[in-house]
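A single chain comes next, written as structure tokens; it is the form predicted on its own.
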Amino acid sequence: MIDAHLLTSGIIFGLSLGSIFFLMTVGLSLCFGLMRIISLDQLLYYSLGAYVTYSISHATSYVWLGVLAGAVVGGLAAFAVERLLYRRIYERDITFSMITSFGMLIAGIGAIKYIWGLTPRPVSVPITAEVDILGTLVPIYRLVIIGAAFVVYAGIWLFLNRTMVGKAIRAGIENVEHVEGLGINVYRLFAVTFIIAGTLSALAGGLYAPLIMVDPQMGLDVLAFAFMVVIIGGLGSIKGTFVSAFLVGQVVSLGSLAYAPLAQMAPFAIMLVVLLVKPTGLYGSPLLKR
């Protein structure tokens, strides 16, 4: 029987972990939904955001400034990669983009090791206060992370449904040929999508940095979980990514409380069950080629 206080802490931990998973993978879903590419380099921007947060906070003692700077750098890096690399391979097969982006991830990790070294780096927690929830003291910073994920999800929904650019992106996710037929420059939409995706991935790294040791391999360490989140939710589905991120976060958190190996095993079991019942994921649609 799990203690009530431990259960409350585990649920909050799972929600905060799910929030990081969502911010880290929503860009991957956006890129697949619109461009039909698997952008594993999003995990590079996740690492980059964490390291920029470390550097800025170490130099200025302002962690929030580091998180903001990391998000900006991540967005700019994603824009540069889209312009220099992805524009040359949009028409190639989806496996080609996956292999290319994985190569980009590995090369980026090498660059991070060259710039910051191999030693894991600590980032101070910007909010150390705790709040009582059902008799359990919970770090406020974890609640801030959870709130940030909900704000980002609401912001993406409003952007996709209430702005002209967002509606064009949403239409492109449904059928990019129709958008091209309307005379819209889809490559500009691709660039906007990459900037948003890279910014959010870097934001995930910056927000998570105070809770872990920033490490060059941190992007590779979460690769399996990133795949599980987007596959369970359905490739290209923002809603699916949101739901599955919190599902995986809770499974990892509560599974580790019940039996430590479950933290690694249970998400794979859930992914298997979901794919057996619904091969396209919870909210995914059949794969369509551009």
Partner chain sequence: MIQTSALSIRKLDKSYQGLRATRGVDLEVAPGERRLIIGPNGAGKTTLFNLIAGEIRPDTGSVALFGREITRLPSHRRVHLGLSRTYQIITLFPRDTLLRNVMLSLLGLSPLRWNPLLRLDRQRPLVERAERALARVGLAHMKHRPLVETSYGERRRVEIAMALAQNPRLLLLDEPFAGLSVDERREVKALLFAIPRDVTIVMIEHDMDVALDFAERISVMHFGAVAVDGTRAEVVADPRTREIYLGA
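Positions refer to the first chain, counted from 1. This structure is a prediction, so every number in the text was calculated from the model and none was measured.
What follows is about the form predicted in complex with the partner chain, which we do not show.
Undergrad: Note which of T128, N185, T119, T95 lies within 4.5 Å of the partner chain in the predicted bound form, where distance is taken over heavy atoms; exactly one does.
TA: Contact with the partner chain in the predicted bound form is made by N185 alone.
Undergrad: Can you work out which of I115, L134, L84, M164 has a heavy atom no more than 4.5 Å from the partner chain in the predicted bound form?
TA: By the 4.5 Å heavy-atom cutoff, the listed residue in contact is M164.
Undergrad: Wondering, does A171 line up within 4.5 Å of the partner chain in the predicted bound form on heavy atoms?
TA: A171: contacts the partner chain in the predicted bound form.
Undergrad: Although the partner chain is absent from this view, report whether G181 comes within 4.5 Å of it in the predicted bound form, heavy atoms only.
TA: G181 belongs to the contact set for the partner chain.
Undergrad: Wondering, does A148 line up within 4.5 Å of the partner chain in the predicted bound form on heavy atoms?
TA: A148 lies outside the contact set for the partner chain.
Undergrad: Wondering, does V123 line up within 4.5 Å of the partner chain in the predicted bound form on heavy atoms?
TA: Close contact is absent here: in the predicted bound form, V123 is far from the partner chain, nothing within 4.5 Å, heavy atoms only.
Undergrad: Taking 4.5 angstroms as the heavy atom distance cut-off, pick the stretch from 139-147, 208-216, 188-196, 95-103 that is near the partner chain in the predicted bound form.
TA: The contacting stretch here is 188-196.
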